[in-house]
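The data below hold one chain only, encoded as structure tokens and taken in the form predicted on its own.
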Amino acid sequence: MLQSATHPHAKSPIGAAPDLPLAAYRFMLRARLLDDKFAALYRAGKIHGGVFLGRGQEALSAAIGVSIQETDVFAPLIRDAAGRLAFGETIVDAVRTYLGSALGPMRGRDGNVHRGRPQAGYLPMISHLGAMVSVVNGVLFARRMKGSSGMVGVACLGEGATSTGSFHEALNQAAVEKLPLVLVVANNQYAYSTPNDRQFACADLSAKAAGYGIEAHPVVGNDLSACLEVVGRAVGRARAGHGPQLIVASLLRLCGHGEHDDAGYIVPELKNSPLGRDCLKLAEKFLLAKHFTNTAQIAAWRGEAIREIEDAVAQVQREPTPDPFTEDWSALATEHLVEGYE
């Protein structure tokens, strides 16, 4: 079962107690440094396939991870490294998936962003285009039918996914059934390179909530304190039986869609706007201003994370990749259905 040491502090008032924001910041820092390492490995030709960084989205992602419990369901996306780590993914498992290790959670069988541990409620991504909302609904339905209660399911998506049929159908279903779904939309202003004004006509995506009869929670996505407050409130509302909650976080990708993309389409006005400020630096300023930590401690955390990441990469580079001549390529969860299985 995935563990997160931050959950006991989930009721601490944001801005008054340091435990939760400090824990979230450390996940943000580790995610940023891990992403930087993946980018370097990609440029060195050590990673095959795309590398998609969460730079600029870590505050929102970490806030999700520290606000949910190990008995909940979490469907992260390609920029949710901070949330994955907060929900219990280890750095070693992340590196194993990117480098195709046969010892990783997906055994080197799938792309680097399609990773998870379904039995622990950590769902591998199928697609970032709204497909995971219905999957989370299905898990919540199954648990309801088994008599379980008190859990929530979090599905993440970008604003581009709100234009898809998958988003509409799944959210409508969740609303009708009053599922404890928390849908987190990271509005990073571009669906790959398509700006918001070519994606939807409403002034704010939060307005869509009324059409489904659910609650909306807008938030500035590069503000860690605000994200912790809003995500925590939405999760609490869903857990208390108030039905689906829609969080719309306004932020900006501080990188391209992937490492293959130079993001030349992002206009300077956005880069120079409040949304273009780095959430990691803003979180550091917040923590220092509140006297929750100091620069020496932050430097120590950074050094500790770098050592852990370097050790993980060195370890995984010595591990085997799948052998195509001996590997049983049946789906991991359906081996008992394979013809001839005894």
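Quick note: we count residues from 1 along the sequence shown, nothing fancier. Since the model is a prediction, treat every value here as computed from it, not as a measurement.
The form predicted together with a further copy of the same chain exists for this protein as well; it is not shown, and the discussion that follows is about that form.
- Contact with a further copy of the same chain in the predicted bound form holds for all three of Gly165, Asp197 and Ala210, each having a heavy atom within 4.5 Å.
- Among heavy atoms of Val176, some come within 4.5 Å of a further copy of the same chain in the predicted bound form.
- Residue contact with a further copy of the same chain in the predicted bound form: Val267 places no heavy atom within 4.5 Å of it.
- a further copy of the same chain is not shown here, and in the predicted bound form it never comes within 4.5 Å of any heavy atom of Thr90.
- Using a 4.5 angstroms threshold between heavy atoms, Ala240 stays clear of a further copy of the same chain in the predicted bound form.
- The stretch from 82-90, 268-276, 230-238, 210-218 that comes within 4.5 Å of a further copy of the same chain in the predicted bound form, counting heavy atoms only, is 210-218.
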